[in-house]
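Only one chain is shown below, in structure tokens, and it's the form predicted on its own.
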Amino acid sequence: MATDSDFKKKVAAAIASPKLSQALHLFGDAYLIARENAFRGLDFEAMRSELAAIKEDVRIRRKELLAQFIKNAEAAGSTVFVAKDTREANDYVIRLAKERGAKLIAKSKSMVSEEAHLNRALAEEGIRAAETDLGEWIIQLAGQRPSHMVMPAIHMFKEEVAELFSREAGKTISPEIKSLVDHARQRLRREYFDADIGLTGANFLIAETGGIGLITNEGNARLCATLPKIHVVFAGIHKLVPGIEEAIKITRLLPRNATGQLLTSYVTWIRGAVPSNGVAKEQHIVLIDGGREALYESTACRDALRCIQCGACANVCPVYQTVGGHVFGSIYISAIGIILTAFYEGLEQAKEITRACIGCRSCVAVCPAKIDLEEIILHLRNEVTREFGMGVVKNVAFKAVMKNRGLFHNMIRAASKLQAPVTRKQPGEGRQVIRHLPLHFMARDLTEWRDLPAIAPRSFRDLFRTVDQQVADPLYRVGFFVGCGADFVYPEVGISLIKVLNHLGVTVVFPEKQSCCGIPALYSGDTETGVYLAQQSVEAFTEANVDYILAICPTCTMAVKRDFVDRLADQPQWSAKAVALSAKTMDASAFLENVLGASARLPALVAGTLAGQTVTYHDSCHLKRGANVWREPRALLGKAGYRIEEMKNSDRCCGFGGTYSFLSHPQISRQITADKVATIQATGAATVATDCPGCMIMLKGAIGKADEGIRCRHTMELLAEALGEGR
């Protein structure tokens, strides 16, 4: 049984080989550009909504469509076998091969055959499986499993491939791409002619015809399907579509989202055995459940079977780019891999990769089937916690401390005094930080590469009592959801918000009974504590009776707007209140711009002393991909007199992820943050702005160690400075 310690050793080994991460980052950067070009002029949101509807129809009608497919396939001369699991599927192929005296099976790329460990099962029976997809052949020679669904050998470099090819060929093969491809073409060509059986997967099982559809970039799938006398289709039951029309719609999305291509090289439609000069041929279609029906029946997770296996969730995933698919995955990798692993291989097999997701929602933004992958992973994390626990530290922190608001706040106040021996002023920032902790292994993970923020000597809730808001005839009365980061670490951000709002004719109310938004508990799988904290805050803000609720932390914004509603939906005494609060909750930048029209008013209000100061902007994950707020902060900063210098991949995760960067996977966080700091430095800006206290914790800390000449500020602080109200 794999343990947390085993997984962390794999993480450490991957990080110790930076060449892999560099290659995946280069691919990821190129992919984003290619994908943007491929979708230019198309409405991606409309296309993926249509795909989601097609797949939902399949889910609802799956038994009807399966029966229709089988009937039409058999009418076309195919033999169809429905396997309840991968063992039954393997047994069918082995039995067929033995009955026909087959010794060689030529295979095109098939992830479900990887899931079934088909090659190993065949080998145990003396039947050789020859992979004919270039990437799969490389993996087969290396004795590895794929590290990506679309590009199985993406983790390997051409020099490694040349070494493999040379060993297999018994002669030296040059590590030039042309030499490698020429050798592979020549070597694999004879497999098609020698094979007794050709095996392919299927991108589509078309119910109205009983045929299949294949989308490939190499011609090997066509050759495997047509040259051998027997064609075996090995496919999951979720590949059903009603008809050709729906399949074609998916082909418009799949290549664009997978590799940034407008169309794949080969789109093949096959119905029945392919005729060949009168020679009798066979087609056998093996349809595999293997956990798919259970996934369809899961209300929380079933959307995962909308997946069309484009691999985009890996292409944009910062965790995948840091450690690769052999660490962040099992058979299937990255976000979708977490879910499929849990259902196809069991929750225990998925335990560590479930916890390795940082929750940045990059995968959700690019998924062509509109799967809320993060929400499903959070559900599975809750199941993992229920089954395996979440550790002593988190148990005490969430269940014993955070649930008790008074105890929590008193402990924070005590910690602010006890931290004095390990704090010092951060160069360039002028605030107290924890520069170093005693040198044991965990302390090095926490402070070797970043400063940790000291707890503020006075919390925001204490400072708020001293603020004198002189606003005559206010436009609005808004409630402030402060969040733990701004309350106890960066209270100056909350004070800056009040100053900016007062300048613009708005009064701020602070309901003192509010609690942590509960997201740290929810993200750790502790739904019970998350729900309890949500109830506390819903009660506090309902009593406040304000026009709007503003947050300066995107995680808190999305907690109130989305998570409170979802978590309290089945509790009548709380549900309506949560919905009402959700409707009037906004990120502070969005309120300033979209309600107050602040960017139009700022030029007449700013002091003018900061004109031309260069700022680069980091988009926090949940602000852009959750709240869809990213234009507003830039508009406000620009009109306040700052010059925006955009960084590369401004919305790539900073590596924080709450407790992820402290308790779960600080090693992974360290690498993700190092990438972000490098992109900030490349802009030459003296200030990096963001709208998330969590991102500030990460960026202030890492930049403090890497470059004392760059400061990190919340947008509210910069606006207050421009108005002459800075600290």
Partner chain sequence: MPERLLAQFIDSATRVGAQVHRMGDLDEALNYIGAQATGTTLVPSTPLSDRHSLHRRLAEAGVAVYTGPFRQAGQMVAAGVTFANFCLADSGTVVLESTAEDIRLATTLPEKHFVLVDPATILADNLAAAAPLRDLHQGGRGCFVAYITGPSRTADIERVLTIGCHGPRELHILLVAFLSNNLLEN
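Since this is a predicted model, take the numbers as computed values, not measurements. Positions refer to the first chain, counted from 1.
One more form of this protein, predicted in complex with its partner chain, exists but is not displayed; see below.
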Report summary line: Students should find that, of S298, Q535, T209, S582, the residue having a non-hydrogen atom no more than 4.5 angstroms from its partner chain in the model of the complex is T209
Query raised in the report: Here the chain is shown alone; which of L141, A76, A294, A169 has a heavy atom within 4.5 Å of its partner chain in the model of the complex?
Result: A76
Report task. Look at the candidate spot formed by E375, T542 and A569 and say whether its partner chain comes within 4.5 Å of a heavy atom in all three of them in the model of the complex. Result -> no
Query - Contact stretch among 375-383, 582-590, 115-123, 148-156 - heavy atom within 4.5 Å of its partner chain in the model of the complex - result: 148-156
Query raised in the report: Is there a heavy atom of R256 no more than 4.5 Å from a heavy atom of its partner chain in the model of the complex?
Result: yes
Query raised in the report: Would R190 count as a contact of its partner chain in the model of the complex, using a 4.5 angstroms cut-off between non-hydrogen atoms?
Result: yes
Query raised in the report: Is the gap between G597 and its partner chain in the model of the complex 4.5 Å or less for some heavy atom pair?
Result: no
Requested in this report: Answer with yes or no whether E645 is in contact with its partner chain in the model of the complex, where contact means some heavy atom within 4.5 Å.
Outcome: no
Requested in this report: Using the arrangement in the model of the complex, list in sequence order the residues of 288-309 with any heavy atom within 4.5 angstroms of its partner chain.
Outcome: none
